[in-house]
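Shown next as structure tokens: one chain only, the form predicted alone.
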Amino acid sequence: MDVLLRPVVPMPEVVLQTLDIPVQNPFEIRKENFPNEITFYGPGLKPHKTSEFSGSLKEFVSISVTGNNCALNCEHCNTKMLDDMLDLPSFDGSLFDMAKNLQKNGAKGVLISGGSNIRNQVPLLHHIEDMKRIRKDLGMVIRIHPGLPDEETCEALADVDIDGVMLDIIGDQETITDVYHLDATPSDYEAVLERLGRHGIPAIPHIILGHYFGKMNGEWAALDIIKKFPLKSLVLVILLPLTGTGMEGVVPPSLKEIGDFFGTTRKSFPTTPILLGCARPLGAIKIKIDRMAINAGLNGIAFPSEGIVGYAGDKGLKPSFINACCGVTW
């Protein structure tokens, strides 16, 4: 009976404070800030089909203004990513002519990209007037992949009324030097985001997980850079080792590293649309990655793996489908 008379010992203050802090679940953060919807994208770079989603190669087409030529020959690409794009230099006509032909065949939008010069700049200035005509006369959506555009290029792009600029943001000097073979620093990537914001150009930064030969080196620093600027959306991709590149045979980051970064990104950007982009390892691991993306509260997935549309539905998310790059809407 004496034990019933003992005074209740209060919990230490530090414990009480800990209990007052809500657990931040990334999926709950998503639910607080977005409708219960998710978009699946078929960018048109390659054929993609599952039992749930069949992408189209016609609606959104990628164009390289340099063909397969690039001065950088980056370790993760070695120009391989240009092979799936239409080769403008070999086309008998202008960029506008190519876009007009594509529209006749059902295209609603284009990604204008290409190889870079030694400063990681895609030569776009020669095509600005064609881009303006593509927007004004054809009404097509335009996405740009410019590398690290300078002031003149950003000023010119501001007059085009583009849907957005997609660019990799790298927060690690070793990655810039050893992977891109580029004489630049992380501050140069920060300067581009500042430039785009100042000219009112929608920014769609990409972070490549495992960019440094499969290691997570500067990804968190890239998040810190991106936090400083307004975004249209943020795209996460994962190193996909390609045959014929310096990354062939490299092991991408672990599932735990990927999942943790997905969650960190959602917590860092609670109100920003975050999307899982095209590039990521294939096979069974892709299904696990896609599920982690949904669990972490990402808003969309490009080239969804088998069963992922149903998995999203089980999480209470209503799917929609767009045959275009991440975040494009018609």
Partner chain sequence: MKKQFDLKADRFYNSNHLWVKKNGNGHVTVGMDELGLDSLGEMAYLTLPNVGSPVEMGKAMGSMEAAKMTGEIYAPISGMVVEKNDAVLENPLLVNEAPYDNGWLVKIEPINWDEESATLVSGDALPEWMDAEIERFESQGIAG
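What you are looking at is a predicted structure, and each value in this text was computed from that prediction instead of being measured. Positions refer to the first chain, counted from 1.
What follows is about the form predicted together with its partner chain, which we do not show.
K.L.:
Answer with one of K267, K58, K31, K286: the residue that has a non-hydrogen atom within 4.5 Å of its partner chain in the predicted bound form.
P.N.:
Exactly one listed residue reaches within 4.5 Å, namely K286.
K.L.:
Going by heavy atom distances of 4.5 angstroms or less, which of S90, T243, N105, S187 would be at the interface with its partner chain in the predicted bound form?
P.N.:
Checking each option against its partner chain in the predicted bound form, the one that comes within 4.5 Å is T243.
K.L.:
Can you tell me whether P47 touches its partner chain? I mean in the predicted bound form, with a 4.5 angstroms heavy atom cut-off.
P.N.:
Result yes; P47 sits at the interface with its partner chain in the predicted bound form.
K.L.:
Please identify, from 292-300, 31-39, 58-66, 278-286, the stretch that has a heavy atom within 4.5 Å of its partner chain in the predicted bound form.
P.N.:
Within 4.5 Å of the partner lies stretch 278-286.
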